[in-house]
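As a starting point, one isolated chain is supplied in structure tokens, in the form predicted on its own.
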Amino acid sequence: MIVYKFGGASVRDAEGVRNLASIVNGANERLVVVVSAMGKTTNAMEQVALSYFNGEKDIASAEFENVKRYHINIVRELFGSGSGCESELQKWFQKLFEKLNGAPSLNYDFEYDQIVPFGEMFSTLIVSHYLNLAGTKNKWIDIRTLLKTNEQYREAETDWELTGQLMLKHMNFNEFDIYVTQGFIGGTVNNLSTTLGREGSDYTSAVLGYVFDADSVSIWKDVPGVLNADPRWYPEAEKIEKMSYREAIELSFYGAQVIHPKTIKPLENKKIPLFVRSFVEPGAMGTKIYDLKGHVDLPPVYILKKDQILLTISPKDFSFIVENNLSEIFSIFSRRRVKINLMHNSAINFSVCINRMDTLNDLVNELQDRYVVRYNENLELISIRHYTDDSIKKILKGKDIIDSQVSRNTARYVVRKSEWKF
């Protein structure tokens, strides 16, 4: 049994759905197909959720109409007008319409999780119908009924025991060899929708792989495999043929976008290999991530995180930064779900590099009750894994360095935002 995960770029149009079907038809194994929302639908659904929560019903309705039109156009190109797929899709549109015509709660994260997952429901419905049309018999599964989580909306944690029991019971491969389901989303025991964090579809695939003791998990992307940099800003990027679980975890920790940070651990626990492959060239092997022993020479790996903020915190009385200070600061960060990308402290300063956040002013105001707080915006964080002197010189040429941190294998630099030219 194997797991295939397809991201939004792979199913952004009718041709993408046809290509997915071709890849699935070539599997010749029991298979679970995990599909993300189509194209940029998640971004659009986030706008729907935000407008709904803010009481901007006209904006939410207009964005929803765009989402509907986008999916209907794909369906009609695949099936023609008046298909059974379109009829079922309209039922899901009606469910979302009814939600948007109600009053929101006071919890934005909750409302986000009740609205945004519709994107995955739309995409998987279309993919499942098309596979059946193409002669690939499959069963559509609402993953929210099986992948059970707590109620930490937008960052839900998996109930592994209950999830395993439900998946093995309802996806037993007795009648179907192929299941089609959603990534990124789950559900509580009270059947409320949750999400697993952005890019959580990779993690869904890992959960399924773990539960079913899969032979492998493959993530299909628009790149040939794991690259040593994002080619959108570093045109000299090259593919890495193979790497260990440990190396993949390190890269995901530093912010590599090709693999979700939570994806590797469930697979490593059962030594299930992960392939990152290209849906553009499905015959190519891509990158294999597995229980690789021994030393493997890897090129310098460049990871760029944009929209960064460098926050420096100091006690008002010029006392030392000690454990009590750090405990209090981390408590505030945890409560506000601040994700730290880099940190270090000196005698009287504690500095962190964090993602840009809409609630920055609220965070700063809370910290200022006890501390002096300074921050710089519009920064970028560049991490160089397996750095060399030449790689550092090349990547930092002409850059204004604000902060740095260098360890045995990784060099990290906070720099002012600028053009990247090579």
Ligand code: ADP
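Remember, it's a predicted structure, so these values are computed and weren't measured experimentally. Residue numbers here begin at 1 and follow the sequence given.
FYI, the form predicted together with this ligand isn't displayed, but the following is about it.
Against this ligand in the model of the complex, would A9 count as a contact residue? Criterion: heavy atoms within 4.5 Å.
Yes - in the model of the complex, heavy atoms of A9 and this ligand come within 4.5 Å of each other.
Examine I74 and determine whether its closest non-hydrogen atom to this ligand in the model of the complex is within 4.5 angstroms.
Looking in the model of the complex, residue contacts with this ligand do not include I74, since no heavy atom lies within 4.5 Å.
Check R232 for me: does it contact this ligand in the model of the complex (non-hydrogen atoms, 4.5 angstroms)?
Flag for R232 set to yes.
May I ask you to check whether D222 falls inside a 4.5 Å heavy atom distance of this ligand in the model of the complex?
D222 belongs to the contact set for this ligand.
Only one of I141, L227, I329, M121 comes within 4.5 Å of this ligand in the model of the complex by heavy atoms, so just point that one out.
Here the answer is residue option L227.
Exactly one residue in E199, E247, D109, E86 has a non-hydrogen atom within 4.5 Å of this ligand in the model of the complex; which is it?
After the contact test, the surviving option is E199.
Partner absent here, but in the model of the complex, which of 172-180, 249-257, 332-340, 128-136 has residues with a heavy atom within 4.5 Å of this ligand?
That would be 249-257.
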